[in-house]
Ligand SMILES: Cc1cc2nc3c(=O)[nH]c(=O)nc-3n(C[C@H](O)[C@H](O)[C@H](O)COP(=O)(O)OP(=O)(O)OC[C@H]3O[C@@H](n4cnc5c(N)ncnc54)[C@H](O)[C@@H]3O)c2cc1C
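Shown next as structure tokens: one chain only, the form predicted on its own.
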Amino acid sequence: MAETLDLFEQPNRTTALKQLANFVPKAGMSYTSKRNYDFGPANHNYVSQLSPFIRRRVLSETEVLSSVLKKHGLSSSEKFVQEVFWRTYWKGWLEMRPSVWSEYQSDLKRLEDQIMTQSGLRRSWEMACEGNTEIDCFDFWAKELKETGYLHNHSRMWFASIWIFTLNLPWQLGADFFLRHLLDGDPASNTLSWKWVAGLQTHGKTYLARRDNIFKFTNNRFAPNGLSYSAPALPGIPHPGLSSLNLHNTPKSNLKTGLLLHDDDLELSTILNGLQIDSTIAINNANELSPWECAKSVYKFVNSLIEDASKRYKDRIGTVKIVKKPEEIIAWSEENNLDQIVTAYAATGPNATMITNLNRLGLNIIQISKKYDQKAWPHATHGFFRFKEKIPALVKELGLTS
């Protein structure tokens, strides 16, 4: 059975930097040739396992890319560099189409009602989530995910395909299952990846989990029977039009300023530049990812990383109080007579929704974005392959090569 990954047991920036140093030598040809193989939960040696830390920007994309590119150059590390930019692309794509996230959340509320009233759907959903489908690889991955908070990327694709096309379960419930348990669960990457498997992201293009492919890339560990032989695209609607990005907000240096920490971005140097912070608060919003409670391991992981960031920046931000409810942020702002609250830019998801709602209630929260997002997100207007053409120029523009 799946073993808990020691890497995520005591998460902090020091652990993340050690893992980055361990991976960098493998990020060239080793990653390129072995990245698609899932050798099992204790043997993810050919992938970085950095995604939970990059997801919260305990490690930034720029420092990860810079470390890899300085060692290997772009041509030798192209596949890994593209994987980092895939997540960037997904975030930019959703940021310009936030209604896709809202639609997904509405679908989940509808499905929550159906699960309560339709015993057949509820039973099938529960069996899939518990890993009791009698599809050996699927059941193993369901349990591995719940026990470790991590799945190899190829296994995520197989799992999603089996969920949708073999078990005939709604893709939204599968995406929710991932988001509640993945330590690197990201609203953009997770939602849009599931839509892609279902044929809803690149319309008509689906991903079919095949027995021979699973056998090969699990190193002969699994050869499942009973998988669907076809993957017809699910019916969907056209993508919404593009919304404009608002990434260039600037706080005023002469106002009494509070700092709000959230788990979308715990790299604070850009935010703190030139500002005096009078008081700091942090919120763990993990339980807003789903109508159902997120895994305790996810909540604990987020809390640990917030506490780590609080310690690392303590000299500049003071003591940090971690809260669970947005109402506590309002009370904190009033108690400290704050004129403005600065925070890292929250991409589309629970934190972004919370910040929007708090501003509507009268708070003055200013989101400060990173140069990386400012440069990359505007290119996520179409498919990834058009975005991919911009990667060499982005690497140069961001100064990521030696």
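Quick note: we count residues from 1 along the sequence shown, nothing fancier. Please read these numbers as outputs of a predicted model, since none were measured by experiment.
There is another form of this protein, the form predicted together with the ligand, and it is not shown here; the text below is about that form.
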Exactly one listed stretch (368 to 376, 336 to 344, 355 to 363, 42 to 50) reaches within 4.5 angstroms of the ligand in the predicted complex by non-hydrogen atoms, and it is 42 to 50
Let me test this: is every residue among Leu121, Trp125 and Gln172 within 4.5 Å of the ligand in the predicted complex, going by heavy atom positions?
no
With a cut-off of 4.5 Å between heavy atoms, is Ser189 one of the residues that contacts the ligand in the predicted complex?
yes
Does the 4.5 Å heavy atom contact test between Lys146 and the ligand in the predicted complex come out positive?
no
If we define contact as a non-hydrogen atom of the residue within 4.5 angstroms of the partner, is Leu151 a contact of the ligand in the predicted complex?
yes
Are any of the heavy atoms in Met157 no more than 4.5 Å from a heavy atom of the ligand in the predicted complex?
yes
Assert contact residue (the ligand, in the predicted complex, non-hydrogen atom within 4.5 Å, options Asn285, Thr218, Thr280, Ser193) equals Ser193
Just one of Leu200, Leu108, Ile115, Val84 has a heavy atom within 4.5 Å of the ligand in the predicted complex. Which one?
Val84
For the stretch 13 to 40, I need every residue with any heavy atom inside 4.5 Å of the ligand in the predicted complex, listed N to C.
Tyr31
